[in-house]
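A single chain, nothing else alongside it, follows as structure tokens in the form predicted alone.
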């Protein structure tokens, strides 16, 4: 198991530590779910001076002052961007943790080659980067019958990684370790998130739990741990505010048996034999009833639990336990199906964005409502 131990230190909480002024941040994966939401949150921080977002795809959420730069999947021009923007912080959200999103080759290019180029840029001569935050996954621990009840940040895998996504994440963490060792002046935080649920995020598990029929493996009732999508963004911002360094598990309190998870969601289990799962589920997957990636077969046998005490001990407070995250997720899904979409989907249009960001006609110093209120007061006085 990869470690970033030599660069780990105890830090004050975000509430205790004075906030830096004029921070310049680069966010990878701006067009992804996490990159866009992290950038939105950073925009609300007046102490963040500059936000640069990189991605192959355009942003999918509305952003007011984040500068979007289109790049290739392996971030080949990242060194030039870091040098030109003089960013002090990189938040690396662009790691593929969903094996159903793309081919193994594309995943390797994004996860491994992209991260390698990122650290090459951050460690270049005269680099201004002083904080790097990497969003990883507890998938690096694997899932096996020999596993401990709770993985700590130093726990090794029980078995060698065999799935491509697990191997790519392990390679990423190897680059994180090497960079932290070679650059002790940089705070390197590696956050391993457990299974994420929420109203907006889509993963193999959230897709499964929205079907009336959910697969289980006969003879197994594994325990799962979840983290709510809001706590994911809060954790990344906590690491940003606290200039955090080291490896941290991020997961809601408690583990929940899979049978209880499906019960909370009001779903019915389909028992599968604990072997040949891919062959049996293929027909159901083709008609959209079941989507069970090969990487999740062992998870549905043995589950996974991680010790989240290290992150809590430095001051992070979760808004949701594992059970609360599942309950909020399914209630949000039910509400959305009842009332429908409440707003149109955002569409990035470069010309429009350039107008709002740079046109002198756009008022930036005061909200329009304040201007109108001043005008009405002046008229009444006259």
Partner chain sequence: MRHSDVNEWGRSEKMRTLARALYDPMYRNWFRVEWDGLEKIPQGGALLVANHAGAIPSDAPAIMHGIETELNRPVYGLADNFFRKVPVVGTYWNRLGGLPAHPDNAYRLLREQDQLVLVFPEGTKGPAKTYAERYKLRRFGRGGFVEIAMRAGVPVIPIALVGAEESMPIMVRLPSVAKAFGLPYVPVTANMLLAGPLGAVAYFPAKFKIKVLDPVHFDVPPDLERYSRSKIMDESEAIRDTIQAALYEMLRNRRSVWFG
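Numbering follows the first chain given and starts at 1. Given the structure is predicted, the values throughout are model-derived calculations rather than measurements.
Keep in mind the form predicted together with the partner chain is missing from the figure; the text below concerns it.
Asker: Even though the partner chain is not shown here, does it sit in the predicted bound form so that 150, 255 and 260 each have a heavy atom within 4.5 Å?
Answerer: Every listed residue reaches the partner chain in the predicted bound form, so yes.
Asker: Go through 174, 212, 184, 274 and name the one with a heavy atom inside 4.5 Å of the partner chain in the predicted bound form.
Answerer: Going through each option in turn, the one that passes is 274.
Asker: Please identify the residue among 159, 268, 105, 80 with any heavy atom within 4.5 Å of the partner chain in the predicted bound form.
Answerer: The residue in contact is 159.
Asker: Name the stretch: of 62 to 70, 43 to 51, 28 to 36, 317 to 325, exactly one has residues whose heavy atoms fall within 4.5 Å of the partner chain in the predicted bound form.
Answerer: Among the candidates, contact is made by 317 to 325.
Asker: Under a 4.5 Å heavy atom criterion, is residue 307 part of the interface with the partner chain in the predicted bound form?
Answerer: Answer yes; at least one heavy atom of residue 307 falls within 4.5 Å of the partner chain in the predicted bound form.
Asker: Might residue 155 be said to contact the partner chain in the predicted bound form, defining contact as any heavy atom within 4.5 Å?
Answerer: Yes.
Asker: Given that the partner chain is not shown alongside this chain, does residue 221 nevertheless sit within 4.5 Å of it in the predicted bound form, heavy atom to heavy atom?
Answerer: Flag for residue 221 set to yes.
Asker: Do residue 146 and the partner chain share at least one heavy atom pair within 4.5 Å in the predicted bound form?
Answerer: Heavy-atom contact with the partner chain at 4.5 Å: present for residue 146.
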